[in-house]
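Consider the single chain below, provided in structure tokens and representing the form predicted on its own.
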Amino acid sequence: MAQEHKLEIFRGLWKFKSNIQKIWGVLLFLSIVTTIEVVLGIIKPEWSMAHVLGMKILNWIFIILTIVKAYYITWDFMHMRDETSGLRRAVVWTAIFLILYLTFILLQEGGYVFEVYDNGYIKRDF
């Protein structure tokens, strides 16, 4: 039995008449987000160099836009929208936990390596 896929994105704000139009719409959205990332990476505006929570605003923008792209790739191209809520939660919560954990490791180890190079000695011996 064939299942009909929902033909909208952004929680129904953008609706399509066919699956082909939907694929092109999601591709257009992902292309726009990628273009924004590339332009910001090349230009590096002065306002984006300020530090917030240990990283530059530009890095936070890249992280957030990458998560948005990963969400839409998983939600639409991998058909997570059509799965049961339990499977969706298992995938999403696992990914969120992994992202937060890897971000913590990145910040923790990056700060330690910076202090070793900056101070010239190891402050913690494991």
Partner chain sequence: MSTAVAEGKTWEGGNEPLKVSYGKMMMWFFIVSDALTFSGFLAAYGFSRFKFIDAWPIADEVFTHFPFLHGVDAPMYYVAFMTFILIISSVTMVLAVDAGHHLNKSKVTIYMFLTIVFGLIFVGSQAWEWNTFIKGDYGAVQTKGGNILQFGHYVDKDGEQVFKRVAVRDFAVSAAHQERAQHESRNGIWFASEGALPAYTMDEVIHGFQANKDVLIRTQIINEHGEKTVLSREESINQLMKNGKLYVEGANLHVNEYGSPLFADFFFFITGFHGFHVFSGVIINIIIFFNVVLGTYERRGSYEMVEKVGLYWHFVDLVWVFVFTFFYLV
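Positions refer to the first chain, counted from 1. Superpose the two forms; the largest set of C-alphas matching within 1.5 Å is the rigid core. The structure displayed is predicted, hence computed values, not measured ones.
In what follows, reference is made to the form predicted together with its partner chain, a form of this protein that is not presented.
Inset, instruction - Verify the contact flag for residue 57: yes if a non-hydrogen atom of it lies within 4.5 Å of a non-hydrogen atom of its partner chain in the predicted complex, no if not. - result: Taking the distances in the predicted complex, the answer for residue 57 is no, it never comes within 4.5 Å of its partner chain.
Inset, instruction - Although its partner chain is absent from this view, report whether residue 66 comes within 4.5 Å of it in the predicted complex, heavy atoms only. - result: Judged by the heavy-atom cut-off of 4.5 Å, residue 66 is in contact with its partner chain in the predicted complex.
Inset, instruction - Examine residue 42 and determine whether its closest non-hydrogen atom to its partner chain in the predicted complex is within 4.5 angstroms. - result: Although its partner chain is absent here, residue 42 would touch it in the predicted complex, with heavy atoms inside 4.5 Å.
Inset, instruction - Considering only heavy atoms, tell me if residue 31 and its partner chain come within 4.5 Å of each other in the predicted complex. - result: So residue 31 counts as contacting its partner chain.
Inset, instruction - Counting only non-hydrogen atoms and a 4.5 Å cut-off, give the residues of 16-44 close to its partner chain in the predicted complex. - result: Stretch hits, in order: 19, 20, 23, 24, 27, 30, 31, 34, 37, 38, 41, 42, 44.
Inset, instruction - Classify residue 113 as shifted (yes) or not shifted (no) between this form and the one not shown, where shifted means its C-alpha moves by 2 Å or more with the rigid core superposed. - result: Comparing forms between this form and the one not shown, the residue 113 CA shifts at least 2 Å.
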